[in-house]
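Presented as structure tokens, the chain that follows is alone, the form predicted on its own.
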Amino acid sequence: MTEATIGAGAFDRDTAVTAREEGVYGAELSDQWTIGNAVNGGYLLALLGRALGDVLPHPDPFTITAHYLTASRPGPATVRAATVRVGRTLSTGTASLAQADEEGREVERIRVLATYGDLAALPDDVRTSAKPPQIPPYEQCLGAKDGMDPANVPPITHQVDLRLDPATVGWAVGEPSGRGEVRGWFGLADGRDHDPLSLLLAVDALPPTAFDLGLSGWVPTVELTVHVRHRPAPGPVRVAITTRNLAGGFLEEDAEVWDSQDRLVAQSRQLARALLD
């Protein structure tokens, strides 16, 4: 198999937007990025990020915050993106995605506020106490489809190359650790290397930490904020996600994404709803 390059992979095809008029884009939400009946939130964020990159003068998302209003479904969608402010080094914009409901009425699915800049123009100094997650080598980790009934594998699983740390998958055999941790290697199935937009997918592509807390079922995202810190080096990234607090039926997930050069390239926090029994 020939590895896809940035701009020519399934991720690029399925996050494409087509300009209809100034600030208005058409999009087709692919059913290949779904879990159950819902479209993955990181995929949606990347699609909106692509539209914002077309509107704003700066190339890279620095920080992007999404509020998920209603569940998106595969099919046509309308994206609206607008500039809020343009400065010399940063620009800010807003975007939303809407779909028609069964009666043909437009329903807003997600709304985003983001600030863009140029990651290549940032200084090289790094002062951090953060350390890369300790994950076994790729070959010793478990594929997302390992042990699953082929008939029940979510479509998104075929689009990503996910290898989970065996220490964080006890929930898959009925033995969750209770620590609220999930770690693994993450890449795209067609071999496309990562860029800032695919990092928006990476922070939301692992199984939810709720599974490691002993819960099961859908964990819908309420709000997700991603900070992109560097352009990632070629190769898969390592993603570590933790939850420290589940209260009132809601939990937070904090994610770190590290590239092959041991650089922290993205961070995120999301608020999600835990559907308790």
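Since the structure is predicted, the reported quantities are computational estimates derived from the model, not experimental observations. So that there is no doubt, residue numbering starts at 1 and follows the sequence shown.
The protein also exists as the form predicted together with a further copy of the same chain; that form is not presented, and the subsequent description refers to it.
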query	finding
Contact stretch among 163 to 171, 89 to 97, 136 to 144, 191 to 199 - heavy atom within 4.5 Å of a further copy of the same chain in the predicted bound form	89 to 97
4.5 angstroms heavy atom contact with a further copy of the same chain in the predicted bound form for Val79	no
Interface membership of Ala120, a further copy of the same chain in the predicted bound form, 4.5 Å heavy atom rule	no
Thr115: touches a further copy of the same chain in the predicted bound form, heavy atom cutoff 4.5 angstroms	yes
4.5 angstroms heavy atom contact with a further copy of the same chain in the predicted bound form for Phe250	yes
Partner contacts in the predicted bound form for 242 to 269 (non-hydrogen atom within 4.5 angstroms of a further copy of the same chain)	Thr243, Arg244, Asn245, Leu246, Ala247, Gly248, Gly249, Phe250, Leu251, Glu252, Asp254, Glu256, Leu264, Gln267, Ser268, Arg269
